[in-house]
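Let's start with one chain on its own, the form predicted alone, as structure tokens.
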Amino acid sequence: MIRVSDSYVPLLRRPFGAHEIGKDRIAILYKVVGKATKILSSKKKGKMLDVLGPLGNGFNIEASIVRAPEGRGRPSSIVLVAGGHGVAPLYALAKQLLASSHQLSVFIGARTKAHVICEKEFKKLGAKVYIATDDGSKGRKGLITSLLKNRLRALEIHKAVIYGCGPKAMLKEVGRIAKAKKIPCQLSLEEYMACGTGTCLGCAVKTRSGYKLVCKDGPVFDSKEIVWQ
């Protein structure tokens, strides 16, 4: 949660996911869409920022380790599904997964070719990248979830794990596909966050065990636990 200004405008902090995580730094990828991000984009190198975090619960990487019958670990087929700017935190996840020699496939959905983010960066990591755009200007025309469904047939489903981040409609469909294929799936949800600590209760989502808070209990949830509304 970042305070972008020392004044009361804007009053609230803005939530961001970590795009890259180093030993002594965190990189954030964002798009200028309003007053807060415009102010943030004007910050000069060396400027101090008031940052609260890290907060909440992230992806469970251990879930991607599939054990062989003899008890030895072996690589899984890891699938990352990103919609729009949901690609930002998945890049940090990809770097950690590939450090453990996982086989990685990345599915990126966007409105147009101009909105496709991090394709080159994922390829440099050695990941297989699949792209779908609404207008067909890059990759396959249509929804990224349709491409995901087709490509899953070529993967070893019994060893696959899916991680997703993006618009709610996309995540709902990814969760549905994962359930149908019996694939473990973790989804990072996006909700309006005012405090980031669970105090304001503004980011509540319904789960099978009751309402939970995206900022505190998430943002990452097991897809089977989410009750989509």
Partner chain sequence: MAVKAKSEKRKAQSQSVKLKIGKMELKNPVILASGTCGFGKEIEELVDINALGAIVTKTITLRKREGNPSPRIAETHSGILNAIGLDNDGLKNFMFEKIPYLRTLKIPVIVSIAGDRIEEFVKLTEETQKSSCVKAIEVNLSCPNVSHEGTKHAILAQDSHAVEQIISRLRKITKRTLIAKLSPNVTDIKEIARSAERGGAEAVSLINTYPGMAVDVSTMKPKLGNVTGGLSGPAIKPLALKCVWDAYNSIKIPVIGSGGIMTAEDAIEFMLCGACAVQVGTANFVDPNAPLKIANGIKKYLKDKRISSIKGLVGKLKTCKTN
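Positions refer to the first chain, counted from 1. Just so it is clear, the structure is predicted and the values come from calculations on it, not from any experiment.
Heads up, the form predicted in complex with its partner chain isn't pictured, but that's what we're talking about next.
Practice task
Work out which of 31, 43, 168, 181 lies within 4.5 Å of its partner chain in the predicted complex, going by heavy atoms.
Solution key: So the residue touching its partner chain in the predicted complex, by this definition, is 168.
Handout entry: Contact label in the predicted complex: residue 177 to its partner chain, heavy atom within 4.5 Å
Key = Contact with its partner chain, no.
Problem - 4.5 angstroms heavy atom contact with its partner chain in the predicted complex for residue 37 - result: Although its partner chain is absent here, residue 37 would stay clear of it in the predicted complex, with no heavy atoms inside 4.5 Å.
Exercise for the section: Decide whether residue 3 counts as a contact residue for its partner chain in the predicted complex under a heavy atom distance cut-off of 4.5 Å. Expected result: Yes, residue 3 lies within 4.5 Å of its partner chain in the predicted complex.
Exercise for the section: Answer yes if any heavy atom of residue 195 is within 4.5 Å of a heavy atom of its partner chain in the predicted complex; otherwise answer no. Expected result: Residue-level check for residue 195: yes, a contact with its partner chain.
Exercise for the section: Could you tell me if all three of 12, 191 and 210 have a heavy atom no more than 4.5 Å from its partner chain in the predicted complex? Expected result: Affirmative, all three are within 4.5 Å.
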